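In structure tokens, one chain follows: the form predicted alone.
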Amino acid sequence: MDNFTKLLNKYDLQVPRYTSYPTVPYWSDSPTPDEWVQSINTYMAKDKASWSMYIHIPFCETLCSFCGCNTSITRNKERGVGYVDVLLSEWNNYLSKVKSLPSKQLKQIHLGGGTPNFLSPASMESLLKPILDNCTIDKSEFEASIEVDPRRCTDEQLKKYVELGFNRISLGVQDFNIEVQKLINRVQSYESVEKVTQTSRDLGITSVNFDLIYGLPKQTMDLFKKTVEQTLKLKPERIALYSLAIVPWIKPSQRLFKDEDLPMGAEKRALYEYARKVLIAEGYIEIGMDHFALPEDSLAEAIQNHTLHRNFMGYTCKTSDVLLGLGVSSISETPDMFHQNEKVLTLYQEKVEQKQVPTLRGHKLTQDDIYYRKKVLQFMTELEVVIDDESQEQDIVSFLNEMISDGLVVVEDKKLKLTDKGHPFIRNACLVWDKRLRDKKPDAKTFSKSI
């Protein structure tokens, strides 16, 4: 067994992905709807306050068995029409409670799912035009992005997205091999992805992202090399190369996978390392954890400018005072609070129809939370973080002793730094800043494995 394989076996542990701190399982002091609205009002009252919006569209026509998202499977497009009405009711409810929203700059809007292109062009216009027409937008800085299923994305939809101001699109590709696609119940041709990619560019969309997944059932190195090769033929501006997160205790559909069909440990990580080597050779820049971008893309520029940010939408080059989430299960945040909408569609709709903020849960950050949140964010974006004092350095050296000995992180120049060798283990190193998990480890399976 080579040294890298030993490291993978040693550190392939259940750890958070750190799209937030505290991580969702450690949320405790949940705000009331009134406290949540007050937090938004507090930060939107700043002179140069700005905000971002996330809208969750839960509907999919078929279930992808790898998926861990909050989805609702249906072919009934009328459900999308009714859902748009509920989203607009939620938006109008916020407008009545946060009067400053229209006057503050909206920096970014992102539609995720589910499958946002489940909505017809008419429904998409009905949803977004009342929102965008009521917002302050600097078109030179505004970023609008949408996730699409290329199997069901039409030219008419793409034209509507551009008309509404979208300049980024993300395609759910996962893998191009037909046998792998069959096992995850997501069969789509290379030609369908190529068509959506080219049409998007022809219409003026400046950044195309591909979502790829490594670790899928029956995904071998030879097959994955072909997927990487086909991806590079289309040269998307961004690539998100995610590890398959195996969480069958959350998503029972993943129990359809046989353990023997899944590449694990070193075999699984080798897929990422191959893609990483080839993508970097082709001019892509590695962004934080599992993202790549061409040098001219705004995400790569954010690395150079030290403005890269990370939130529930993943890595982004836009920072704002408030992230407002609309739709079932959507997560929002302010500098001192997290908030999540109801995850059950009927409960979400009932609360919105009653003109309530559809709160499921949230978390009011303590001063400790705010401090460690900053550390986690800096480490996940800069791959290094400042050490504030001698006692903190002693704690880091003690807690990460094995990772330091293995050459995965170093402590130097009053900073904790991730080494190139340690890149696969960034989530493990981040544990040093996770005070809540260190104080109380979870009693049951909670997080996916780090590799």
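The first residue of the sequence shown is number 1, and the count goes up from there. Note that the structure is a prediction, hence the values are computed from the model and not measured.
Omitted here: the form predicted in complex with a small molecule. The next part is about that form.
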| item | value |
| --- | --- |
| Any non-hydrogen atom of residue 147 within 4.5 angstroms of the small molecule in the predicted bound form | yes |
| Distance check, residue 107 to the small molecule in the predicted bound form, heavy atom within 4.5 Å | no |
| Contact label in the predicted bound form: residue 186 to the small molecule, heavy atom within 4.5 Å | yes |
| Contact test in the predicted bound form: residue 242 vs the small molecule, heavy atoms, 4.5 Å | yes |
| Candidate spot 66, 113 and 211, all three touching the small molecule in the predicted bound form (heavy atom, 4.5 Å) | yes |
| Candidate from 172, 325, 362, 215 lying within 4.5 Å of the small molecule in the predicted bound form - any heavy atom | 172 |
| Segment that reaches the small molecule in the predicted bound form - one of 314-322, 277-285, 365-373, 147-155, heavy atoms within 4.5 Å | 147-155 |
